[in-house]
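Only one chain is given next, in structure tokens, and it is the form predicted on its own.
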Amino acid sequence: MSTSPVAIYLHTPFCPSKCGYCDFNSYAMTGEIIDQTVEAIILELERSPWRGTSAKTIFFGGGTPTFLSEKQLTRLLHKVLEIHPPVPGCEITSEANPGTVDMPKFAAMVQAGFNRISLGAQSFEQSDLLTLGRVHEPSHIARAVAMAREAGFRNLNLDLMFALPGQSRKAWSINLQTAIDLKPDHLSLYCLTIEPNTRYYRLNLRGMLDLPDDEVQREMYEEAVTKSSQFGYRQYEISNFAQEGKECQHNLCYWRNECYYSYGPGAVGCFEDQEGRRLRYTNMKHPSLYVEAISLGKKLWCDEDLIDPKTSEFEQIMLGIRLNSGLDVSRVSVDTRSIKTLVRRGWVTHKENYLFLTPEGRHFCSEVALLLSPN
């Protein structure tokens, strides 16, 4: 068991609706199952084999954590803080949907210890939100930002998506500028990805999604990089931009391929056992099965994998190359011939022990990772 502070993730699987693009473990459920799940997560935390390990970051994701009541949210956080005492300056984040928050909820969250909020805006265009299946309206976003600031959040992220069905270059430009005008501390700007087992995937197979072509997607991304920089947002990862000192410390743990402990239905965690082997586990996904497993004392993991050294090294390459701080090639085995090939293509630059994606290379991140891995 690690004695060093670790990242803690807590998954709340409930949402007001299931968005067409979403492949996360989330459910549009109401009623007793939510109370039962909250109680089960608290029991999981109390039985944690890592009890007492300090938290360097805490992240509530989902689903939509703010779909829970303020009492449920704060109860869960208090239990996390009890089981994993936070280090000084611990970043404590909750994701939030602008349509599931109000001033009392934000105030209760800040009082409980949350110090970072991540708002899933996605778009400021009503037609986009309807197409995506979001429950909030454009006006809810600015209102949520204002309430979060008034409640005391000094670290606020906005999530935006581009390359949406039917979205034009101009529409994306307006969306991006509208987000910047709200003065968030952090921007996560993601290209829509069509994931298997989603409604969008099925629609796309039938040719029913009017998606921007590759060149337009590239132009949208490049505008995101350029405009964010103009307004003081430093790009530190392919899709993430922050004002000075506001980088998401929790996500950096993932990109640095560190271990993290996770709780809740469908939560995925990664840890080192007593023999120094890395293991990845996934909790029971459906809330009912998760609650049943907790109540009966059954094994909670529905999947567990021993991460062999080759896989771990590939993940180190795949995640590390995404960071603007670069990939330390002295810590991994990379194909030196591939480095030369990638430099010739203009996809990476090589400085001392570090590889950095070029602006062109960011469009080919997965291909870069595959070429670098000798295995």
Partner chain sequence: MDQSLIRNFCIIAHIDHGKSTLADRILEATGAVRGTAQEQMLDTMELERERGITIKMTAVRMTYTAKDGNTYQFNLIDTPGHVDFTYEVSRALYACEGALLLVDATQGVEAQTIANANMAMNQNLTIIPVVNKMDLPHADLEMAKEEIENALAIDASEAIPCSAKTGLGLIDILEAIVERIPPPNGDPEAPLRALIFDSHFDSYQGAVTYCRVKDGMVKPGDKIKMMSTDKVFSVDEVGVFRPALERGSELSTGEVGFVTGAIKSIGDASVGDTITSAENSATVALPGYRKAKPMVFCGLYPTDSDEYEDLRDAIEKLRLNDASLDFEPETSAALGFGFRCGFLGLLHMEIARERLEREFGLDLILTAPSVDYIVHRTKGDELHISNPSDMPPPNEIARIEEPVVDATIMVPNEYVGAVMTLCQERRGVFKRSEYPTHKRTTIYYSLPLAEILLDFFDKLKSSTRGYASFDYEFSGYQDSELVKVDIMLNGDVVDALSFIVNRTFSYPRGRAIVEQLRKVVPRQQYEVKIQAAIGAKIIAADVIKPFRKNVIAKCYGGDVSRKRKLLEKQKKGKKRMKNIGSIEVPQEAFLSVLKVAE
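Computed from a predicted model, the values in this text were never measured in an experiment. Numbering follows the first chain given and starts at 1.
Separately, the form predicted in complex with its partner chain exists; it is not shown, and the next lines address it.
Its partner chain in the model of the complex: contacting segment from 223 to 231, 247 to 255, 164 to 172, 292 to 300, heavy atom within 4.5 Å: Within 4.5 Å of the partner lies stretch 247 to 255.
Contact residue in the model of the complex, from Lys105, Arg280, Arg143, Lys79 (heavy atom within 4.5 Å of its partner chain): None of the others qualify; the residue that does is Arg280.
Heavy atom within 4.5 Å of its partner chain in the model of the complex - the one residue of Asp181, Asp273, Asp210, Asp214 that qualifies: Going through each option in turn, the one that passes is Asp214.
Touches its partner chain in the model of the complex: Arg322 (any heavy atom, 4.5 Å): Flag for Arg322 set to yes.
Partner proximity in the model of the complex: Ile238 to its partner chain, non-hydrogen atom cutoff 4.5 Å: Yes.
Contact test in the model of the complex: Asp305 vs its partner chain, heavy atoms, 4.5 Å: Although its partner chain is absent here, Asp305 would touch it in the model of the complex, with heavy atoms inside 4.5 Å.
Contact test in the model of the complex: Val6 vs its partner chain, heavy atoms, 4.5 Å: Because no heavy atom of Val6 falls inside 4.5 Å of its partner chain in the model of the complex, the answer is no.
Residues within 4.5 Å of its partner chain in the model of the complex, restricted to 343 to 366 and counted by heavy atom: Read in sequence order, the residues that approach its partner chain (within 4.5 Å, in the model of the complex) are Arg345, Trp347, Glu360, Arg362, His363, Phe364, Cys365, Ser366.
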